[in-house]
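Just the one chain here, the form predicted alone, laid out as structure tokens.
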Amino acid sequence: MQNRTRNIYLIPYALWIVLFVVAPILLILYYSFFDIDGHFGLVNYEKFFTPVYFKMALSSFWYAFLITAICLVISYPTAYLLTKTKHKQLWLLLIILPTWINLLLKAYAFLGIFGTYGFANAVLGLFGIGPKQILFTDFSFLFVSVYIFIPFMILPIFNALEELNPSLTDASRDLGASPWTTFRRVIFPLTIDGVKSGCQAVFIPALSLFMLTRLIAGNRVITLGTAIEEHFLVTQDWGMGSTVAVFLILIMALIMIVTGIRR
């Protein structure tokens, strides 16, 4: 009886997965076999394995890696310090708060901040540095991307550090280990699952960015996400856009499998 009741409760979840996860993926896979003229075949897959799309894939990986690496370097010490502060829940709330704001609004806010007459150039002017072209550069793209994604890196690392038994670090110090050795041999290995979760939460969405590449980078940064948007909304080549999306889904699934492997 209990199993039957539990199965009934699983029906809405199963329907949600089928309608909004499985069905869209199958639809994308279906469209990927049709070219712009509606002919069925593997033309789109052949086109994907050309230098143009290879360069886009490489660019996507490179910028996603940079965003993830910068977020990790900033987030780990930040999360560690948060676990030692008195009002850590309040500080954590302040870090999470920006994630409640719409992404488009945040992007437009940075258009004003990094603009020619924006706050950033006003600060530079105080030091006698003339107006600089900050917008539409790799720096502005990476800065805004890191700002947007960094809470998703801090949270899992913070949770992993909070669950760490402090007696283990105390024992390491009592045995004569230096702070660096304690971190390298005790703290980091025991919080690696939090690091993996954070890397997943940042790298995967960063791999398919397209709106920030338009607004902040001014199309100087070309990614697979940009290619998908271009094919669906501009060239109307839904088949090629679906093909790029299929490979993007495969890459994301592979990353989740690799980062989810436990030793």
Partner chain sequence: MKKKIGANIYLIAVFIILYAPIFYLMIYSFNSGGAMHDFKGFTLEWYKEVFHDTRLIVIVLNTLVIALLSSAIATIFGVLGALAIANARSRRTKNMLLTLNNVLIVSPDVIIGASFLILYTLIGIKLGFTSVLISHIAFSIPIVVLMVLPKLQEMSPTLIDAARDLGATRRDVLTRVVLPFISPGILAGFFMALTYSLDDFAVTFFVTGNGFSTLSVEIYSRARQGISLSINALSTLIFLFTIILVIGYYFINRKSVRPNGVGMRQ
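Residue numbers count along the first chain shown, from 1. All of these numbers come straight from a predicted model, not from anything done at the bench. Between two forms, the rigid core is the largest collection of C-alphas that superpose within 1.5 Å.
The same protein also has a form predicted together with the partner chain, omitted here; what follows describes it.
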Is there a heavy atom of F210 no more than 4.5 Å from a heavy atom of the partner chain in the predicted bound form?
-> yes
Is there any non-hydrogen atom of F119 lying within 4.5 Å of the partner chain in the predicted bound form?
-> yes
With the cut-off set at 4.5 Å between non-hydrogen atoms, does I255 touch the partner chain in the predicted bound form?
-> no
Examine F188 and determine whether its closest non-hydrogen atom to the partner chain in the predicted bound form is within 4.5 angstroms.
-> no
Which residue among L124, L168, L81, I192 has a heavy atom within 4.5 angstroms of the partner chain in the predicted bound form?
-> L81
In the predicted bound form, residues of 78-112 near the partner chain [heavy atom within 4.5 Å] | T78, L81, L82, T85, W91, L93, L94, I95, I96, L97, P98, T99, W100, I101, N102, L103, L104, L105, Y108, A109, F110, L111, G112
Note yes or no: does the Cα of L97 move by 2 Å or more between the shown form and the other one after the core is superposed?
-> no
For A122, is the C-alpha shift between the shown form and the other one 2 Å or more after core superposition?
-> yes
With both forms fitted on the core, give yes or no for whether the Cα of I249 moves by 2 angstroms or more between the shown form and the other one.
-> no
